[in-house]
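Take a look at this single chain, the form predicted on its own, given in structure tokens.
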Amino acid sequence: MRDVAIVSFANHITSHAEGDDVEMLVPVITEALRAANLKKKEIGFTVSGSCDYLGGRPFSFVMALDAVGAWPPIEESHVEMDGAFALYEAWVRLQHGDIDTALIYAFGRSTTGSTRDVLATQLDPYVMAPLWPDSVGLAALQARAMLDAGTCTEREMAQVAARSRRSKKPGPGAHTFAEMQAGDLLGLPYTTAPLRAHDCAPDSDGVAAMVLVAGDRAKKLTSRPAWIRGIDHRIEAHQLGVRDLTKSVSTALAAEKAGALGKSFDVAEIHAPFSHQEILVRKALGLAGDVEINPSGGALVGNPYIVAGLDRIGEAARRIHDGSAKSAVAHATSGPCLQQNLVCVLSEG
């Protein structure tokens, strides 16, 4: 296998975006290329992640290509999924050996409609979708199953939310949260029992871009590349009734295949749109107690649909780039109740 590294990452998350997708993407893609010391014409492969349902129009990714420029013609691909899975495709493409560079970007606007209702369209069309359960309701069922099984407690869920708020990096247009202790959060009312507002990620708009470079060229472009030492993704059954919602089998299997189990890490970035899901993923990854979890704040402080998983990998890479971590594991998810999960292992060398 070829050595592949993340050499740059740029993102922008806001509570409500101004401008169209291209206007959001251009400065972020420009920053990712600048940080990688590359020009657009030096990119061998471009792959994006987006969701037409959010854009409310077909082939929204085609219009977004204006942000990278499709002339002269480029080798390009697209996934109707989180950008983390676009990253996986780019990594596979680089293994072919005929190109050395790849650009990944993702964009999503969760505020243009009711994301929790839109996500019901990905459910089984015969049994589940006609009932139209929204994503928060399904997550609440999972949280209730975990509480009843003793997998977590409401206090542990509140502790996750409180820590995420303390870790949040403020930025222009970002969500603002009052910093509260777990005990204070437990006194707030339920929104969809047993979930409270702080247990659920806020709808957000955002974009992210990342540059991958293979082999020795990565060392020439940056002094601290974040090397991808393992990456894998797995999926579980479509029908929620045949899954044990108190476990994340696909996360554990992806972690095993990516070489994450039994390893110690400085940082773990977990894509958990709900507080109880961070606890579930943390156990599936087998993380040690001293690992720093979601130093970026994670999805609970900013969750642009389609972008948040790529953000987790990018934020983990950023810690290696700036020297604050030597190793990291990142996680991304897609589908109801952690149906599909990706695990990526990163290191400085």
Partner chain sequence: MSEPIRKIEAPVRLEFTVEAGRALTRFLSSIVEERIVGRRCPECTKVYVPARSSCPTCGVPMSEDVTVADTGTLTTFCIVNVPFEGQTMKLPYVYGAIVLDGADLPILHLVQGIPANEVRMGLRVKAEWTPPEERPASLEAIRWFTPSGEPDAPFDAYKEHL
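Numbering follows the first chain given and starts at 1. Please read all numbers here as calculations on a predicted model, not as lab measurements.
What follows is about the form predicted in complex with the partner chain, which we do not show.
- None of 208-216, 183-191, 159-167, 121-129 except one has non-hydrogen atoms within 4.5 angstroms of the partner chain in the predicted bound form; the exception is 121-129.
- Annotated contacts: Asp148, Arg229 and Ala260 are all free of the partner chain in the predicted bound form [non-hydrogen atom within 4.5 angstroms].
- For the residues Ala284, Val28, Ile43, Ala67, the 4.5 Å heavy atom test against the partner chain in the predicted bound form is passed only by Ala67.
- This chain is drawn without the partner chain; in the predicted bound form, the residue among Ile320, Ala32, Leu54, Leu280 with a heavy atom within 4.5 Å of it is Leu54.
- With a 4.5 Å cutoff on heavy atoms, His16 counts as touching the partner chain in the predicted bound form.
- Looking at Asp244, you'd find every heavy atom of it more than 4.5 angstroms from the partner chain in the predicted bound form.
- Although the partner is absent here, Thr112 sits close enough that one of its heavy atoms falls within 4.5 Å of the partner chain in the predicted bound form.
- In the predicted bound form, no residue of 296-334 lies within 4.5 Å of the partner chain by any heavy atom.
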